[in-house]
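Here you get one chain, nothing else, as C-alpha coordinates; it is the form predicted alone.
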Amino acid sequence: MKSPQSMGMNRSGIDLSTQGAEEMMKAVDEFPPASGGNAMTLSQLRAPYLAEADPVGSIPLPGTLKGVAKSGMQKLMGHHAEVLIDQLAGRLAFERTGTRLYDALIGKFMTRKDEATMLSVDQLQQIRAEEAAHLGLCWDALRQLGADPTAVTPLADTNAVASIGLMQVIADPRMTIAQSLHAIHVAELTDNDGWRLLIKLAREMGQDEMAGRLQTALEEEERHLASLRTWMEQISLNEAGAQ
(Lines give C-alpha, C1' and ligand atoms only; values in the text may rest on other atoms or scores of the structure.)
Protein backbone atom coordinates (compact mmCIF):
# COMPACT_ATOMS: atom_id res chain seq x y z
CA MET A 1 0.00 0.00 0.00
CA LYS A 2 1.27 3.46 -0.88
CA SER A 3 2.27 5.47 2.18
CA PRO A 4 -0.22 8.25 2.97
CA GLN A 5 2.75 10.47 3.85
CA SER A 6 4.13 10.34 0.29
CA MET A 7 3.83 13.46 -1.83
CA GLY A 8 1.05 13.41 -4.41
CA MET A 9 -1.50 15.50 -6.27
CA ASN A 10 -3.54 16.56 -3.26
CA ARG A 11 -5.87 19.25 -4.57
CA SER A 12 -7.64 20.05 -1.29
CA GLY A 13 -5.44 23.04 -0.39
CA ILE A 14 -6.02 26.57 -1.64
CA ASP A 15 -2.35 27.35 -2.36
CA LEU A 16 -2.35 25.31 -5.59
CA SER A 17 -4.86 27.67 -7.20
CA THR A 18 -4.47 31.26 -6.09
CA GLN A 19 -6.46 32.52 -9.06
CA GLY A 20 -9.31 30.15 -8.25
CA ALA A 21 -9.20 31.31 -4.64
CA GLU A 22 -9.59 34.94 -5.66
CA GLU A 23 -12.52 34.09 -7.91
CA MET A 24 -14.15 32.11 -5.13
CA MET A 25 -13.86 35.02 -2.70
CA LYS A 26 -15.43 37.33 -5.27
CA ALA A 27 -18.27 34.86 -5.71
CA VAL A 28 -18.91 34.95 -1.96
CA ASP A 29 -19.59 38.67 -2.20
CA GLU A 30 -21.55 38.36 -5.44
CA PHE A 31 -23.74 35.49 -4.30
CA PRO A 32 -24.39 35.91 -0.56
CA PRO A 33 -26.49 33.37 1.38
CA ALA A 34 -30.16 33.37 0.38
CA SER A 35 -31.20 33.74 4.02
CA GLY A 36 -29.81 35.76 6.88
CA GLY A 37 -28.58 34.40 10.15
CA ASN A 38 -25.53 33.24 12.05
CA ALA A 39 -24.55 30.69 14.68
CA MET A 40 -26.94 32.30 17.17
CA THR A 41 -29.81 31.90 14.71
CA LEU A 42 -29.00 28.22 14.41
CA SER A 43 -28.97 27.88 18.19
CA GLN A 44 -32.36 29.53 18.38
CA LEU A 45 -33.69 27.11 15.78
CA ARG A 46 -32.45 24.17 17.81
CA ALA A 47 -33.78 25.50 21.13
CA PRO A 48 -37.38 24.17 20.90
CA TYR A 49 -36.12 20.73 19.87
CA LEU A 50 -33.80 20.69 22.85
CA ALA A 51 -36.60 21.76 25.18
CA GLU A 52 -39.08 19.18 23.91
CA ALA A 53 -36.84 16.18 23.24
CA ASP A 54 -37.33 12.96 25.18
CA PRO A 55 -34.28 11.23 26.73
CA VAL A 56 -32.35 8.90 24.47
CA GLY A 57 -33.48 5.97 26.60
CA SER A 58 -34.20 4.83 30.12
CA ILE A 59 -33.01 2.39 32.76
CA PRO A 60 -35.31 -0.64 32.65
CA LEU A 61 -36.98 -1.85 35.80
CA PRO A 62 -35.44 -5.04 37.23
CA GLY A 63 -37.09 -8.05 35.66
CA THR A 64 -37.00 -10.19 38.81
CA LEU A 65 -38.11 -9.81 42.43
CA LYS A 66 -34.48 -10.31 43.42
CA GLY A 67 -33.46 -7.42 41.22
CA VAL A 68 -36.18 -5.20 42.68
CA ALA A 69 -34.97 -5.99 46.19
CA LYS A 70 -31.37 -5.13 45.36
CA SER A 71 -32.30 -1.87 43.65
CA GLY A 72 -34.64 -1.00 46.51
CA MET A 73 -31.88 -1.59 49.03
CA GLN A 74 -29.67 0.93 47.28
CA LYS A 75 -32.54 3.43 47.26
CA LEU A 76 -32.94 3.04 51.02
CA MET A 77 -29.22 3.70 51.45
CA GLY A 78 -29.66 7.06 49.73
CA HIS A 79 -28.14 5.97 46.41
CA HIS A 80 -29.66 5.77 42.96
CA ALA A 81 -28.88 2.29 41.68
CA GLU A 82 -29.94 3.25 38.16
CA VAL A 83 -26.88 5.50 37.81
CA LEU A 84 -24.50 2.64 38.49
CA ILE A 85 -26.53 0.37 36.22
CA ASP A 86 -26.28 2.91 33.38
CA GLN A 87 -22.50 3.27 33.83
CA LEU A 88 -22.03 -0.51 33.84
CA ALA A 89 -24.19 -0.91 30.75
CA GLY A 90 -22.24 1.88 29.06
CA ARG A 91 -18.95 0.14 29.72
CA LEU A 92 -20.39 -3.16 28.55
CA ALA A 93 -21.43 -1.57 25.25
CA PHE A 94 -18.02 0.06 24.82
CA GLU A 95 -16.15 -3.17 25.57
CA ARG A 96 -18.29 -4.95 22.99
CA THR A 97 -17.28 -2.33 20.47
CA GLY A 98 -13.65 -2.54 21.63
CA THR A 99 -13.64 -6.26 20.95
CA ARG A 100 -14.94 -5.64 17.43
CA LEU A 101 -12.40 -2.87 16.85
CA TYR A 102 -9.56 -5.26 17.64
CA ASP A 103 -11.15 -7.95 15.47
CA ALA A 104 -11.08 -5.52 12.55
CA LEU A 105 -7.54 -4.37 13.35
CA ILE A 106 -6.25 -7.94 13.54
CA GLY A 107 -7.80 -8.72 10.17
CA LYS A 108 -6.12 -5.69 8.60
CA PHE A 109 -2.79 -6.41 10.29
CA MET A 110 -2.75 -9.98 8.95
CA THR A 111 -2.61 -8.51 5.44
CA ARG A 112 -0.29 -5.57 6.17
CA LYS A 113 2.22 -6.76 8.73
CA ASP A 114 5.01 -4.88 6.97
CA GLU A 115 3.43 -1.56 8.01
CA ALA A 116 4.03 -2.23 11.71
CA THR A 117 6.77 -4.77 12.25
CA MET A 118 6.87 -4.02 15.99
CA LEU A 119 3.40 -5.50 16.35
CA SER A 120 2.47 -9.17 16.57
CA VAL A 121 -0.81 -11.00 16.12
CA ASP A 122 -0.36 -12.58 19.55
CA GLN A 123 -0.19 -9.14 21.22
CA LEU A 124 -3.33 -7.93 19.48
CA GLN A 125 -5.22 -11.14 20.18
CA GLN A 126 -4.35 -10.95 23.87
CA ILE A 127 -5.74 -7.42 24.10
CA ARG A 128 -8.81 -8.49 22.16
CA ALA A 129 -9.38 -11.36 24.60
CA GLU A 130 -9.10 -8.98 27.56
CA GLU A 131 -11.62 -6.61 26.00
CA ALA A 132 -14.05 -9.49 25.62
CA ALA A 133 -13.43 -10.55 29.23
CA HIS A 134 -14.21 -7.01 30.40
CA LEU A 135 -17.54 -7.26 28.64
CA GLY A 136 -18.27 -10.38 30.68
CA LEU A 137 -17.17 -8.61 33.86
CA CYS A 138 -19.72 -5.84 33.30
CA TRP A 139 -22.35 -8.44 32.45
CA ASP A 140 -21.80 -10.24 35.77
CA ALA A 141 -21.80 -6.96 37.71
CA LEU A 142 -25.15 -5.99 36.23
CA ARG A 143 -26.57 -9.39 37.17
CA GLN A 144 -25.21 -8.88 40.67
CA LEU A 145 -27.29 -5.70 40.92
CA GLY A 146 -30.37 -7.48 39.62
CA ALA A 147 -30.24 -5.63 36.29
CA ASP A 148 -30.67 -6.95 32.76
CA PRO A 149 -27.31 -6.81 30.92
CA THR A 150 -29.04 -7.16 27.53
CA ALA A 151 -30.91 -3.85 27.95
CA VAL A 152 -29.69 -0.78 26.04
CA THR A 153 -29.47 2.05 28.56
CA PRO A 154 -28.89 5.73 27.67
CA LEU A 155 -25.11 5.53 28.13
CA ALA A 156 -24.93 2.23 26.26
CA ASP A 157 -26.74 3.86 23.36
CA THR A 158 -24.49 6.94 23.55
CA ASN A 159 -21.30 4.87 23.51
CA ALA A 160 -22.51 2.77 20.60
CA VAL A 161 -23.24 5.86 18.51
CA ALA A 162 -20.01 7.64 19.51
CA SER A 163 -17.86 4.69 18.44
CA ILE A 164 -19.30 4.34 14.92
CA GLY A 165 -16.62 6.55 13.40
CA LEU A 166 -13.83 4.53 15.02
CA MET A 167 -15.03 1.35 13.35
CA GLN A 168 -15.34 3.15 10.03
CA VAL A 169 -11.67 4.17 10.23
CA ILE A 170 -10.42 0.66 10.94
CA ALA A 171 -12.73 -1.06 8.44
CA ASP A 172 -11.77 1.37 5.65
CA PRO A 173 -9.21 -0.44 3.44
CA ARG A 174 -7.57 2.89 2.58
CA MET A 175 -6.59 3.51 6.18
CA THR A 176 -3.14 2.30 7.22
CA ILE A 177 -2.24 0.36 10.34
CA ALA A 178 -0.97 3.61 11.87
CA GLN A 179 -4.25 5.38 11.16
CA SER A 180 -6.19 2.41 12.52
CA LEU A 181 -4.11 2.46 15.69
CA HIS A 182 -5.05 6.12 16.07
CA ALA A 183 -8.72 5.11 16.12
CA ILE A 184 -8.00 2.40 18.71
CA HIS A 185 -6.08 5.00 20.73
CA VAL A 186 -9.14 7.24 20.87
CA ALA A 187 -11.19 4.29 22.12
CA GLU A 188 -8.64 3.30 24.77
CA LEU A 189 -8.39 6.86 26.13
CA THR A 190 -12.16 6.97 26.54
CA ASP A 191 -12.16 3.47 28.00
CA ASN A 192 -9.59 4.27 30.67
CA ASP A 193 -11.50 7.30 31.94
CA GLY A 194 -14.75 5.35 31.80
CA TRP A 195 -13.38 2.58 34.02
CA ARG A 196 -12.03 5.09 36.54
CA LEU A 197 -15.40 6.78 36.85
CA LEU A 198 -17.19 3.45 37.15
CA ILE A 199 -14.87 2.22 39.90
CA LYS A 200 -15.24 5.45 41.88
CA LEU A 201 -19.01 5.28 41.55
CA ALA A 202 -19.10 1.65 42.68
CA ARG A 203 -17.02 2.42 45.78
CA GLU A 204 -19.14 5.45 46.66
CA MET A 205 -22.23 3.26 46.48
CA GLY A 206 -20.77 0.66 48.82
CA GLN A 207 -19.94 -1.89 46.12
CA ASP A 208 -16.33 -2.43 47.25
CA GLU A 209 -16.14 -6.05 46.12
CA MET A 210 -17.41 -5.11 42.68
CA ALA A 211 -15.00 -2.17 42.51
CA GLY A 212 -12.11 -4.53 43.27
CA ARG A 213 -13.00 -6.72 40.30
CA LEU A 214 -13.40 -3.67 38.07
CA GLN A 215 -9.97 -2.41 39.15
CA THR A 216 -8.38 -5.44 37.49
CA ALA A 217 -9.96 -4.43 34.21
CA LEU A 218 -8.65 -0.86 34.57
CA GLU A 219 -5.10 -2.14 35.11
CA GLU A 220 -5.35 -4.16 31.90
CA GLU A 221 -6.77 -1.18 30.03
CA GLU A 222 -3.85 0.93 31.23
CA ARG A 223 -1.46 -1.65 29.75
CA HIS A 224 -3.38 -1.52 26.46
CA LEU A 225 -2.99 2.26 26.36
CA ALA A 226 0.72 2.09 27.18
CA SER A 227 1.29 -0.43 24.38
CA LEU A 228 -0.61 1.68 21.88
CA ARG A 229 1.41 4.76 22.75
CA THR A 230 4.65 2.85 22.21
CA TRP A 231 3.52 1.39 18.87
CA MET A 232 2.28 4.71 17.54
CA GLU A 233 5.50 6.45 18.54
CA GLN A 234 7.64 3.79 16.88
CA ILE A 235 5.61 3.86 13.66
CA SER A 236 5.72 7.66 13.43
CA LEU A 237 9.48 7.80 14.04
CA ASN A 238 10.06 5.06 11.47
CA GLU A 239 7.93 6.86 8.88
CA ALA A 240 9.80 10.10 9.55
CA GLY A 241 13.16 8.36 9.14
CA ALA A 242 14.09 9.44 12.65
CA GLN A 243 14.61 5.91 13.96
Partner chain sequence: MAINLLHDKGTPLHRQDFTWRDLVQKPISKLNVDAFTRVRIILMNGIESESLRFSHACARMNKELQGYLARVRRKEQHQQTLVNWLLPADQSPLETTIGYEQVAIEVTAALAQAEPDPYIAQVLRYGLLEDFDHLYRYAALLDRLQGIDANTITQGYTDIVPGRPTLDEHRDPLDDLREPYDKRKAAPLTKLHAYTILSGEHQTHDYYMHYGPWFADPAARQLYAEIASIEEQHVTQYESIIDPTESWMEKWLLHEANEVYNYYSCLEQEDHPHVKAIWERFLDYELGHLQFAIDVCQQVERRDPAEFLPETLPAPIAYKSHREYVRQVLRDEVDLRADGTRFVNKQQEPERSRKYRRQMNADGSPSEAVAAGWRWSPGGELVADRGLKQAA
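Residue numbers count along the first chain shown, from 1. Rigid core (definition): largest C-alpha set, two forms, superposition within 1.5 Å. What you see is a predicted model, and the numbers here were worked out from it, not measured in a lab.
Unshown form predicted together with its partner chain; subsequent notes refer to it.
- Residues placing heavy atoms within 4.5 Å of its partner chain in the predicted complex fall in a single listed stretch, namely 167-175, out of 167-175, 80-88, 150-158, 116-124.
- The candidate spot formed by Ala34, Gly37 and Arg46 is fully in contact with its partner chain in the predicted complex: every one of the three has a heavy atom within 4.5 Å.
- Within 4.5 Å of any heavy atom of its partner chain in the predicted complex lies no heavy atom of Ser58.
- Though the partner is left out of this view, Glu30 does reach within 4.5 Å of its partner chain in the predicted complex, counting heavy atoms only.
- Contact between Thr216 and its partner chain in the predicted complex is not found at the 4.5 Å heavy atom cutoff.
- Using a 4.5 angstroms limit between non-hydrogen atoms, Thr230 is distant from its partner chain in the predicted complex.
- When two forms of a protein are overlaid on their rigid core, residues whose CA moves 2 Å or more are considered shifted, and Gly37 is one of them between this form and the one not shown.
- Shown in the overlay between this form and the one not shown, fitted on the rigid core, is a CA shift at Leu16 of 2 Å or greater.
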